[in-house]
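The form predicted alone is given below as one chain in structure tokens.
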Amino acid sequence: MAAGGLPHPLIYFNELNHALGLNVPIHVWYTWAVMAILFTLSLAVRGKLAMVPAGLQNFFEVVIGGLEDFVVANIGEKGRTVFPIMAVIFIFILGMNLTGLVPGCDAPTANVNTNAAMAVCVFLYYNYIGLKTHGAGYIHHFMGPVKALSPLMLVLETVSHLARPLSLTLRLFGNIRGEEIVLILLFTLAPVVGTLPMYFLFILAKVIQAFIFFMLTMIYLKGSLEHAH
């Protein structure tokens, strides 16, 4: 049973799996739930757009506008072309992170498979942008500035780029899973006094983790958009 005597969400997901004849992992159900919530919010905002923003529109304009200004300040005007994907990554990861703070729920990002999928998408996307921008010349990003060391740099840079999805995956997984474990321990030892004050700290930590993933994605995209030196 979840907090407050309500059935644990896992019960509903298990019933759905049984009714539909599926075997969908719990973290995938939570991911779909977050997607449904974000789609609903976006449609609600879209249906009530106004010249003078208020409510949800004002909130999203502040968040997205601030992120876009940050990207343009670091990448330049080219950053606007890749910003939509980056904004989706940040909001999606933040939504999944915050799911872990709902009593009885788990954050999808506390599962390594969720993070690995997003990390691979980032890896494929920034390399696609590099190839689209520079064509065959994108290979120079892997060869370094000294021609004599190009064969060695090609190997090192390839390994470095291949390690990026692993780094993105484990960083997000380790931090979110660690926070989930600490929260469970606090709730077990001190259900109210020890948990509620920590919620504010964990909210901040989950926002920071989403922003770190966003910022690293921006750095990778910046490198793929720039000319090789």
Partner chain sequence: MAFKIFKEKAAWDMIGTASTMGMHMVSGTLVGLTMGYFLDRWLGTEPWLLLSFLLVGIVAGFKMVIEDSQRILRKQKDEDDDKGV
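Note that the structure is predicted; figures quoted are calculated from it, not measured. Positions refer to the first chain, counted from 1.
Not on display, but discussed next: the form predicted in complex with the partner chain.
Chemist: For a quick test of understanding: in the predicted bound form, does each of 156, 159 and 208 have a heavy atom within 4.5 Å of the partner chain?
Modeler: Contact check passed for all of 156, 159 and 208.
Chemist: Identify, from the list 163, 56, 49, 181, the residue with a heavy atom within 4.5 Å of the partner chain in the predicted bound form.
Modeler: So the residue touching the partner chain in the predicted bound form, by this definition, is 163.
Chemist: Of these, 35, 170, 41, 64, which has a heavy atom no more than 4.5 Å from the partner chain in the predicted bound form?
Modeler: The residue in contact is 170.
Chemist: Counting only non-hydrogen atoms, choose the one of 56-64, 181-189, 200-208, 23-31 that falls within 4.5 Å of the partner chain in the predicted bound form.
Modeler: Selected stretch: 200-208.
Chemist: Please check if residue 74 has a heavy atom lying within 4.5 Å of any heavy atom of the partner chain in the predicted bound form.
Modeler: Yes, residue 74 sits close enough to the partner chain in the predicted bound form that at least one of its heavy atoms falls within 4.5 Å.
Chemist: What are the residues of 205-225, in order along the chain, with a heavy atom within 4.5 Å of the partner chain in the predicted bound form?
Modeler: Result: 207, 208, 211, 212, 215, 216, 219, 220.
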